[in-house]
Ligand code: CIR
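Starting off, we have a lone chain in the form predicted alone, written out as structure tokens.
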């Protein structure tokens, strides 16, 4: 079965009251915690609808951005990688998550630095792992990741995140073994040569951060053109409200860690 989108488990974390202090590139308003909580519950329900075991961790007010749990770790069949976030206020999130990962993995490895790497810049495909350099992930962090996963049989390819885009996966997501959803500005770089590329609809670049989870695709609600593109490609699309996460530069994939540990 495809290891890049077939999962038995997921980890999520509830949004905290401190989320109003979360990082954002542009201030578009204060997130409404009640709306965020409802959308988060819908998100978890969608994951569970596939039969996966979804564990929801308690809110952590110490780290306002900790609801975006994807940035703190990379989870493979063989083991877990604890990342080293590039935002100073998020450095403690990864270490805080590590004890939870011990419930699932005996092999846990760490990005120790001096480089930085966040999960939002890592797109795990079938034949390779694409990692985008960004404001949060640098060349040294990518090189260390390659060293850490080499004996697991993974090949890492470094690519570039478009200027002004927070994470590589802000502009792309994997739909199946050979298909990615991407913005035109990202695919124009040639990073997806050899893949089938579905483009987001004009003006719907924010819909690119969707993700395939078993037989469904979770995408942010409010982007009908892109939803139609995916539906025409034969994908089962589940729109989920994302207005409040978006105020903090958060997308669909940011809100979970998806995995299928061996044995």
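Here the structure is a predicted model, which means the values were calculated and not measured. Numbering follows the first chain given and starts at 1.
The discussion below concerns the form predicted together with this ligand, not included here.
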| item | value |
| --- | --- |
| Complete contact of 176, 199 and 212 with this ligand in the predicted bound form (any heavy atom, 4.5 Å) | no |
| Residue contact check: residue 120 to this ligand in the predicted bound form, 4.5 Å heavy atom | yes |
| Contact of residue 90 with this ligand in the predicted bound form (heavy atom, 4.5 Å) | yes |
| 4.5 angstroms heavy atom contact with this ligand in the predicted bound form for residue 11 | no |
| 4.5 Å heavy atom contact, residue 23 and this ligand in the predicted bound form | yes |
| Segment assignment from 33 to 41, 224 to 232, 61 to 69, 191 to 199: heavy atom within 4.5 Å of this ligand in the predicted bound form | 61 to 69 |
| Residues in 150 to 167 with any heavy atom within 4.5 Å of this ligand in the predicted bound form | 166, 167 |
